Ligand SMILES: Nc1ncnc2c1ncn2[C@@H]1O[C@H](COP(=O)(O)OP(=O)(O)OP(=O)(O)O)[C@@H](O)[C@H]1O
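Only one chain is shown below, in C-alpha coordinates, and it's the form predicted on its own.
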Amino acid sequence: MIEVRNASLVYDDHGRQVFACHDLTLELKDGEFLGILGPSGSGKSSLLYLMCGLKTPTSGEVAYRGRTLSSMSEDERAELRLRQFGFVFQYPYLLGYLSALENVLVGTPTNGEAKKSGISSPWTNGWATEPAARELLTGLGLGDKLHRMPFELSGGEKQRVCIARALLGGREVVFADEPTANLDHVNGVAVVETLVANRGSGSLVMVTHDPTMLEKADRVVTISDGRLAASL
(Lines give C-alpha, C1' and ligand atoms only; values in the text may rest on other atoms or scores of the structure.)
Protein backbone atom coordinates (compact mmCIF):
# COMPACT_ATOMS: atom_id res chain seq x y z
CA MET A 1 0.00 0.00 0.00
CA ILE A 2 2.76 2.44 0.97
CA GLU A 3 6.30 2.20 -0.39
CA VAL A 4 9.28 4.16 0.92
CA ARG A 5 12.04 4.07 -1.70
CA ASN A 6 15.58 5.17 -0.81
CA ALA A 7 14.12 8.10 1.12
CA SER A 8 16.23 10.54 3.12
CA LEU A 9 15.13 13.49 5.23
CA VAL A 10 17.80 16.10 5.88
CA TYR A 11 17.63 19.13 8.15
CA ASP A 12 19.93 22.11 8.06
CA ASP A 13 21.43 22.77 11.48
CA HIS A 14 23.26 26.10 11.18
CA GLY A 15 24.92 25.05 7.94
CA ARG A 16 25.43 21.43 8.98
CA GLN A 17 23.39 18.67 7.35
CA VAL A 18 21.64 16.36 9.80
CA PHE A 19 20.02 13.16 8.52
CA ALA A 20 16.76 12.39 10.33
CA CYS A 21 16.30 9.50 7.87
CA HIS A 22 19.02 8.10 5.63
CA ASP A 23 18.29 6.11 2.46
CA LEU A 24 15.33 4.16 3.88
CA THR A 25 13.44 1.53 1.89
CA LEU A 26 10.34 0.02 3.42
CA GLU A 27 6.82 -1.07 2.47
CA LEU A 28 3.52 -1.32 4.31
CA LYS A 29 1.08 -4.03 3.26
CA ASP A 30 -2.70 -3.92 3.38
CA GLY A 31 -3.99 -4.89 6.83
CA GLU A 32 -0.51 -5.06 8.38
CA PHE A 33 0.41 -3.94 11.90
CA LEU A 34 3.90 -2.51 11.39
CA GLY A 35 5.92 -1.50 14.44
CA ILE A 36 8.78 1.01 14.18
CA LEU A 37 11.10 0.68 17.15
CA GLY A 38 13.95 2.91 18.23
CA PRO A 39 15.27 5.24 20.94
CA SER A 40 14.51 8.94 21.14
CA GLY A 41 16.10 10.82 18.25
CA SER A 42 16.60 7.71 16.12
CA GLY A 43 14.43 8.99 13.25
CA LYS A 44 11.42 6.74 13.79
CA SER A 45 8.88 9.59 13.98
CA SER A 46 10.44 11.19 10.91
CA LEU A 47 9.93 7.91 9.03
CA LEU A 48 6.27 7.87 10.06
CA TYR A 49 5.84 11.48 8.88
CA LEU A 50 7.37 10.55 5.51
CA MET A 51 5.03 7.57 5.16
CA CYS A 52 1.90 9.64 5.75
CA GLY A 53 2.98 12.67 3.75
CA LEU A 54 3.32 15.10 6.64
CA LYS A 55 6.93 15.57 5.53
CA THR A 56 8.48 15.40 2.06
CA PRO A 57 11.72 13.44 1.55
CA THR A 58 14.82 15.43 0.68
CA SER A 59 15.70 12.61 -1.73
CA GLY A 60 14.03 9.37 -2.73
CA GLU A 61 10.27 8.98 -2.79
CA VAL A 62 7.19 7.70 -0.99
CA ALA A 63 4.30 6.17 -2.93
CA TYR A 64 0.72 5.41 -1.95
CA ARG A 65 -0.84 2.64 -4.06
CA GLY A 66 1.68 3.21 -6.81
CA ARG A 67 1.44 6.99 -6.95
CA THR A 68 4.21 9.09 -5.45
CA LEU A 69 3.10 11.58 -2.84
CA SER A 70 5.36 14.22 -4.43
CA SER A 71 3.28 14.00 -7.62
CA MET A 72 0.16 14.97 -5.66
CA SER A 73 -0.84 18.55 -4.99
CA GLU A 74 -0.91 19.73 -1.37
CA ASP A 75 -4.71 19.62 -1.53
CA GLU A 76 -4.60 16.00 -2.71
CA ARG A 77 -2.24 15.03 0.10
CA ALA A 78 -4.48 16.79 2.62
CA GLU A 79 -7.49 14.95 1.22
CA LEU A 80 -5.63 11.65 1.55
CA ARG A 81 -4.78 12.35 5.19
CA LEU A 82 -8.37 13.40 5.92
CA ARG A 83 -10.19 10.52 4.29
CA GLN A 84 -7.83 7.52 4.30
CA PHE A 85 -5.40 8.11 7.19
CA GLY A 86 -6.04 8.38 10.92
CA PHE A 87 -3.56 9.77 13.44
CA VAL A 88 -2.82 9.21 17.14
CA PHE A 89 0.05 11.22 18.62
CA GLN A 90 2.03 11.10 21.85
CA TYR A 91 -0.02 13.92 23.33
CA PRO A 92 -3.82 13.68 23.06
CA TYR A 93 -4.66 16.75 21.02
CA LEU A 94 -8.28 17.65 21.74
CA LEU A 95 -10.16 20.90 21.29
CA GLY A 96 -10.87 22.15 24.79
CA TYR A 97 -14.21 23.72 23.92
CA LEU A 98 -15.66 20.54 22.39
CA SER A 99 -17.00 17.43 24.15
CA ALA A 100 -15.48 13.98 23.71
CA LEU A 101 -18.12 13.12 21.09
CA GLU A 102 -17.63 16.41 19.24
CA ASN A 103 -13.85 15.93 19.23
CA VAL A 104 -14.31 12.56 17.53
CA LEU A 105 -16.60 14.00 14.87
CA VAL A 106 -14.76 17.25 14.17
CA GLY A 107 -13.02 17.27 10.80
CA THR A 108 -14.29 13.80 9.91
CA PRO A 109 -16.09 13.43 6.56
CA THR A 110 -19.80 12.84 7.15
CA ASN A 111 -22.82 11.61 5.21
CA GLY A 112 -23.03 14.08 2.33
CA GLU A 113 -19.31 14.53 1.72
CA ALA A 114 -17.55 11.28 2.62
CA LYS A 115 -16.52 8.62 0.15
CA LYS A 116 -16.91 4.96 0.94
CA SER A 117 -13.61 3.76 2.35
CA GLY A 118 -13.93 0.08 1.51
CA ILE A 119 -12.34 -0.81 4.86
CA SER A 120 -14.14 -3.44 6.89
CA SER A 121 -14.70 -1.93 10.33
CA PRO A 122 -17.37 -2.31 13.01
CA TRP A 123 -17.57 1.48 13.21
CA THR A 124 -18.59 2.39 9.68
CA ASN A 125 -20.60 1.32 6.70
CA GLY A 126 -18.45 3.61 4.60
CA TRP A 127 -19.81 6.76 6.27
CA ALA A 128 -18.70 8.53 9.43
CA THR A 129 -21.85 9.28 11.44
CA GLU A 130 -22.67 10.45 14.95
CA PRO A 131 -24.30 7.09 15.85
CA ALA A 132 -21.10 5.33 14.74
CA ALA A 133 -19.03 7.72 16.87
CA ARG A 134 -21.26 7.08 19.88
CA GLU A 135 -20.98 3.34 19.38
CA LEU A 136 -17.22 3.50 19.03
CA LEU A 137 -16.74 5.60 22.16
CA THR A 138 -19.04 3.26 24.08
CA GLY A 139 -16.99 0.30 22.90
CA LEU A 140 -13.89 2.08 24.20
CA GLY A 141 -15.43 2.41 27.66
CA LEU A 142 -16.45 6.06 27.33
CA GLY A 143 -20.18 5.62 26.86
CA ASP A 144 -20.94 7.59 30.01
CA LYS A 145 -18.51 10.39 29.09
CA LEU A 146 -19.65 11.36 25.60
CA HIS A 147 -20.42 14.89 26.68
CA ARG A 148 -17.50 15.39 29.05
CA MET A 149 -15.08 18.16 28.20
CA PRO A 150 -11.35 17.32 27.83
CA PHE A 151 -10.46 18.79 31.25
CA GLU A 152 -12.87 16.27 32.79
CA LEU A 153 -11.05 13.28 31.28
CA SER A 154 -7.94 11.42 32.43
CA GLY A 155 -4.88 11.06 30.19
CA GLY A 156 -5.87 7.55 29.17
CA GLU A 157 -9.44 8.64 28.43
CA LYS A 158 -8.24 11.51 26.26
CA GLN A 159 -6.05 9.12 24.31
CA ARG A 160 -9.04 6.82 23.76
CA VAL A 161 -10.98 9.78 22.35
CA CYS A 162 -8.08 10.34 19.93
CA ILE A 163 -8.17 6.66 18.98
CA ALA A 164 -11.89 6.88 18.27
CA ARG A 165 -11.29 9.93 16.08
CA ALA A 166 -8.53 8.08 14.18
CA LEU A 167 -10.69 4.99 13.62
CA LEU A 168 -14.01 6.59 12.75
CA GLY A 169 -14.91 6.17 9.10
CA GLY A 170 -12.80 3.08 8.45
CA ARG A 171 -9.36 4.52 7.62
CA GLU A 172 -6.97 2.59 5.43
CA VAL A 173 -4.05 3.32 7.76
CA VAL A 174 -3.83 4.54 11.35
CA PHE A 175 -0.49 6.16 12.18
CA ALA A 176 0.32 6.16 15.90
CA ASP A 177 3.38 8.13 17.07
CA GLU A 178 4.39 7.08 20.61
CA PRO A 179 0.73 6.83 21.68
CA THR A 180 1.64 5.22 25.03
CA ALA A 181 4.63 7.37 26.00
CA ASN A 182 2.74 9.38 28.64
CA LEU A 183 0.81 6.44 30.08
CA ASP A 184 1.72 3.81 32.65
CA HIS A 185 2.35 0.29 31.38
CA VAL A 186 -1.15 -1.02 32.07
CA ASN A 187 -2.87 1.88 30.30
CA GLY A 188 -0.30 1.74 27.51
CA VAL A 189 -1.04 -1.92 26.81
CA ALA A 190 -4.77 -1.12 26.89
CA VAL A 191 -4.30 1.63 24.28
CA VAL A 192 -2.40 -0.69 21.92
CA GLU A 193 -4.96 -3.46 22.36
CA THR A 194 -7.72 -0.95 21.62
CA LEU A 195 -6.02 0.14 18.41
CA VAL A 196 -5.43 -3.43 17.27
CA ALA A 197 -8.92 -4.66 18.14
CA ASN A 198 -10.79 -1.79 16.49
CA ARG A 199 -8.85 -1.10 13.28
CA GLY A 200 -10.95 -3.53 11.23
CA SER A 201 -9.08 -4.54 8.09
CA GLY A 202 -7.05 -1.34 8.01
CA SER A 203 -3.29 -1.14 8.54
CA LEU A 204 -1.60 0.19 11.66
CA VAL A 205 1.82 1.85 11.84
CA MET A 206 3.02 2.44 15.38
CA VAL A 207 6.20 4.18 16.50
CA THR A 208 7.50 3.45 19.98
CA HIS A 209 10.68 3.11 22.05
CA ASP A 210 9.09 0.30 24.11
CA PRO A 211 9.31 -3.18 22.50
CA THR A 212 6.65 -4.58 24.87
CA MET A 213 4.08 -2.40 23.09
CA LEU A 214 4.73 -4.21 19.81
CA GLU A 215 4.08 -7.78 20.90
CA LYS A 216 1.01 -7.98 18.65
CA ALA A 217 2.74 -6.45 15.60
CA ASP A 218 2.95 -8.47 12.40
CA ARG A 219 6.40 -7.02 11.75
CA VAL A 220 8.82 -4.80 13.65
CA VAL A 221 11.56 -2.71 12.07
CA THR A 222 14.25 -1.10 14.18
CA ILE A 223 15.73 2.27 13.29
CA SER A 224 18.95 3.73 14.64
CA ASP A 225 20.62 7.01 13.68
CA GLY A 226 18.17 7.40 10.81
CA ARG A 227 18.94 3.99 9.29
CA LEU A 228 16.97 0.75 9.34
CA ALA A 229 18.88 -1.64 11.55
CA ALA A 230 16.72 -4.79 11.61
CA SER A 231 13.38 -6.29 10.69
CA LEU A 232 11.68 -8.95 12.82
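Residues carry their position along the shown sequence, with the first being 1. The structure presented is a predicted model; accordingly, all values stated were derived computationally and were not measured.
Absent from the display: the form predicted together with the ligand. The rest refers to it.
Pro150, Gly156 and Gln159 each touching the ligand in the model of the complex (heavy atom, 4.5 Å): Not a single listed residue reaches the ligand in the model of the complex, so no.
In the model of the complex, segment of 195 to 203, 64 to 72, 165 to 173, 41 to 49 with a heavy atom within 4.5 Å of the ligand: It is the stretch 41 to 49.
Partner contact for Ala20 in the model of the complex: the ligand, 4.5 angstroms, heavy atom: Contact check for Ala20: yes, within 4.5 Å of the ligand in the model of the complex.
Neighbours of the ligand in the model of the complex among 149 to 169 [non-hydrogen atom within 4.5 angstroms]: Residues within 4.5 Å: none in this stretch.
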